[in-house]
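A single chain, nothing else alongside it, follows as structure tokens in the form predicted on its own.
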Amino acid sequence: MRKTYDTIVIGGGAAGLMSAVECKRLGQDILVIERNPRPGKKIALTGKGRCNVTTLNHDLSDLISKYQRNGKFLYGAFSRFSVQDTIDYFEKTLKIKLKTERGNRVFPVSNNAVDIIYALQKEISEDILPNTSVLSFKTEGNQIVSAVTYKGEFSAKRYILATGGKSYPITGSNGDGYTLAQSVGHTIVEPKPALVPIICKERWIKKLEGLSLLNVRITALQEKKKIVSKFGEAIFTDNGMSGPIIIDMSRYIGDALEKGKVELSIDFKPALNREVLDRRVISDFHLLRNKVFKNSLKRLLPSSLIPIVVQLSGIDPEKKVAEISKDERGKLVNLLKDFRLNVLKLDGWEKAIVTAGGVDIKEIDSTTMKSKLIENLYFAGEMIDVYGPTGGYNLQICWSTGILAARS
């Protein structure tokens, strides 16, 4: 006679591991079905290998406001398992010491994401079935009776679906969880890459590859109307831009691109208005009046950016600074305050940090993570149609929804 588990967790990522650990601690007989040889592969990539566990934000309303998609759905999960609950769980239950860094980002003291994976995995190491994918569900009425794999069928009283989205497919996130959810009647909101670099049309951008920008403001525009604007850090890539503020703006930009052309406007000197910046340029030009224009911008710009700005300004690179006209200086100031790039597209799934889209939240009880369609099915993590900015917000979704699914 086939064994029946209390709970089968499908997916051994952040949400799946958290669900499984909590189920085990509640005394349940569990099985984790994981397609990779080892669980937690994507956790190892988070926070550049350090694992940005969460964000230190104890104000529930403010926390919810940060989420770019369906944030209000998370009230149930976050009120039942908060940021502080998460910190306490890792430090007191899993014995992982944490620290808070700039931007309220919380990391393990060891700076090693593997320690997070190990702390979760060791609790359930004997309950993981690796190298196994769930191919389909067998159902009777509105209940799942078994999960079908190449290694056989596995039955449980309850199932938690936590297979992740489609981002970073190298980690095993290929969207197969969406197929499983659809097979039992759930609606899938079209998955799209979110928190992803941007590819630009300008070919000369490759000359700026690796240039980091600190304390800049970048605004995305469509037909002169602002789509989204962020202040902070960004970086030029070989074909576009990345970095925290670009990543956080990306899905807004992707949605706008479906309607038409999108431009990025970079303000290299957001702390100075045009008049103050113009006086700063006049001051610099006075000091450097005997130099040629191309050699006069080192006090204003990083060296790799100077040739591009000189070219786009239309000012003769060999012209003496003392001979530059007011109109020409105005063009330079405008470039420094409104440096334009044309967005071609978002980068692909291989570069996306998370997924926008997934199981429709209308079909999930936000207070339990239970399916409204299938009596013994629960959801957790990235496969739900919610996501937030960088900085630990998306892992917090995994921890909170994972715990809530387990406890429900």
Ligand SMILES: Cc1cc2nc3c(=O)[nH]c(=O)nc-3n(C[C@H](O)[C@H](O)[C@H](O)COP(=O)(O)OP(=O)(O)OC[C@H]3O[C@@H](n4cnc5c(N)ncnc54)[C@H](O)[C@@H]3O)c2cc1C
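Every value quoted in this text rests on a predicted model; they were computed, and no experiment measured them. Note that residue numbering follows the sequence shown and begins at 1.
Although it is not shown, the form predicted in complex with this ligand is what the next lines describe.
Student: Applying a 4.5 Å heavy atom distance criterion, does residue 45 contact this ligand in the predicted bound form?
Tutor: Within the cut-off, so yes.
Student: Though only this chain appears here, would residue 250 touch this ligand in the predicted bound form if you measure heavy atom gaps against 4.5 Å?
Tutor: Close contact is absent here: in the predicted bound form, residue 250 is far from this ligand, nothing within 4.5 Å, heavy atoms only.
Student: Just to confirm, residue 366 within 4.5 Å of this ligand in the predicted bound form by heavy atoms?
Tutor: Heavy-atom contact with this ligand at 4.5 Å: absent for residue 366.
Student: Looking at the partner-bound form in the predicted bound form, is residue 240 within 4.5 Å of this ligand by any heavy atom?
Tutor: Judged by the heavy-atom cut-off of 4.5 Å, residue 240 is well away from this ligand in the predicted bound form.
Student: Of the listed stretches (130 to 138, 202 to 210, 278 to 286, 254 to 262), which one has a non-hydrogen atom within 4.5 Å of this ligand in the predicted bound form?
Tutor: Heavy-atom contact with the partner occurs in 130 to 138.
Student: So which of 197, 191, 108, 172 gets a non-hydrogen atom within 4.5 Å of this ligand in the predicted bound form?
Tutor: The residue in contact is 172.
Student: Can you pick out, from 374, 343, 353, 359, the residue that has a heavy atom within 4.5 Å of this ligand in the predicted bound form?
Tutor: The option sitting close enough to the partner is 353.
Student: Select from 180 to 214 the residues with a non-hydrogen atom within 4.5 Å of this ligand in the predicted bound form and write them out in sequence order.
Tutor: Contacts from 180 to 214: just 180.
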